[in-house]
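Single chain ahead, by itself, as structure tokens, in the form predicted on its own.
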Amino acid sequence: MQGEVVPPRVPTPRRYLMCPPRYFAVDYAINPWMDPSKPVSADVAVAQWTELRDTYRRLGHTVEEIDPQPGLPDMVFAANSGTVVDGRVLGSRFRAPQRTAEAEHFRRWFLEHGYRDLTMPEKINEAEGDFAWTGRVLLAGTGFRTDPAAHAEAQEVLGVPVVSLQLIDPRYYHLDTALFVLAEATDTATAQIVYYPDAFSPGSQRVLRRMFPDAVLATAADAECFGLNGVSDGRNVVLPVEATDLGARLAERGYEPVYVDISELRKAGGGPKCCTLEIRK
């Protein structure tokens, strides 16, 4: 991009909902990253999660917290528990029975905090794990977790256009392990995303190229360290510490990479975005 003028990136304050990993464990395997035979530390997970939360606050964002519940070690991955656009909430319905009970705790949290426009889905829907809001359309993943019929349900409930994308690599079982939004669309600019092409079917790759010709394309190495599980506020991009190559390419586009260690949380198949549910009012 030598000689190219990079537009200034402007951060937008965000509101996030997170859940401390007090009961973090890997007691079962519901994705290829989980291995119950390998040791994990809830204390290390809490320390890493705390640094992630504090990083958001240092960047000027608001972080609210929901109380974790015993017996739900994956409740830390709050992104899977709701999709919020313009204050309208679509809850979640998990595919894995080990996580089913999480949905009710998050439903109660939203109601207790004044969110009355809330719908619980009829179809399997793992929320922001498979939904990415671009400011204009909702990109929706399927293939491993979220039911394709949940995409139509999300469009009806949230009242926004939905574009379906097929995931084909079981390591990248949620959309948020293979794609995230760097900057939402505005009145004067289109949305910008970063994604790992090989995680998607050929047809979905063509859709992404057509919709986002200026997207940042990630490598296999970027994806393997959960670099595609990043969180952007339009300027600052929170990434795993290993994703330095991706961070360098984003810096060339005018973004500011911010690195966090999520190595313990990755043992359960999670990263920064998995821990972060965005509340868009």
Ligand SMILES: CN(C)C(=N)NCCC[C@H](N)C(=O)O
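We number the residues from 1 along the sequence you see. All figures in this text were calculated on a predicted structure; none of them were measured in a lab.
Beyond what is shown, the protein has a form predicted in complex with the named molecule; the following relates to that form.
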Only one of 151 to 159, 135 to 143, 176 to 184, 83 to 91 gets a heavy atom within 4.5 Å of the named molecule in the predicted bound form; which is it? 176 to 184
Quick one: does residue 21 come within 4.5 Å of the named molecule in the predicted bound form, counting heavy atoms only? no
Although the partner isn't part of this model, could you tell me whether residue 268 comes within 4.5 Å of the named molecule in the predicted bound form, counting any heavy atom of the residue? yes
Closest heavy atom of residue 48 to the named molecule in the predicted bound form, within 4.5 Å or not? no
In the predicted bound form, does residue 274 come within 4.5 Å of the named molecule, counting heavy atoms only? yes
34, 52, 59, 66 - the one with a heavy atom within 4.5 Å of the named molecule in the predicted bound form: 34
Output flag, 77, 99 and 229 jointly within 4.5 Å of the named molecule in the predicted bound form, heavy atom basis: yes
